[in-house]
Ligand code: IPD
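Form predicted on its own, single chain, as structure tokens, below.
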């Protein structure tokens, strides 16, 4: 069984086990704070247990790097890391807003840049986005790519949830010049729909994102032809750490990326 097959099956099992929980009182039961620092809800715990149980069932030799469970060693000789955000968009899930997902990635080494496989499943619709390094990106088995056209309905995703008063003004140039600005509340799934061509640019400069939030979506977006850099204009990469926080800018092509970086006052002499 290929790694991508393992991740896809785990994601499908999460969908099956949590789809009845979304929007229910049970979904939001407080289970304390997880390894990532956020409050763990009942729906988070069910989703993580589903993934862990499956990986144990097939004896997948890895170390799980989970947002709620922390580091879980499933083998004395792990072949790499499963980077897991079992529920991205927990608030949406608890409230019943139909935009939340499960994000799973595999990295043979201790870094975001080493990710070789990624899966994001929309836990409302069941749509499954996937990618393996060098093999392209897919949605439900059909190859996808970012939108290369600069059309009339140019959509910019901007995450401002919990943004600091110091950072918010930096986004004004892009917000004020964009007719269609969106934020849906689950970064992994937003990167997936960016890869599918529904969003043209996505910006998150809050310096709040964890590696678990972006690992799978990052690979899917890149394999779909998207460009993603950090706030310095460098390729997005870092060690696996619960303390590390990430900002990024994603765009469907270099022209869009340079234009966005200029508007944000960020380095835009990009060597891509």
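Model, not experiment: these values are computed from the prediction. Residue numbers count along the first chain shown, from 1.
Quick note: we don't show the form predicted in complex with the ligand, though the next part is all about it.
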item	value
Segment that reaches the ligand in the predicted complex - one of 140-148, 169-177, 112-120, 86-94, heavy atoms within 4.5 Å	86-94
Residue 161 within 4.5 Å of the ligand in the predicted complex, heavy atoms	yes
Proximity of residue 209 to the ligand in the predicted complex, heavy atoms at 4.5 Å	yes
Touches the ligand in the predicted complex: residue 190 (any heavy atom, 4.5 Å)	yes
Partner proximity in the predicted complex: residue 67 to the ligand, non-hydrogen atom cutoff 4.5 Å	yes
Single option in 186, 105, 195, 102 placed near the ligand in the predicted complex, where near means a heavy atom within 4.5 Å	186
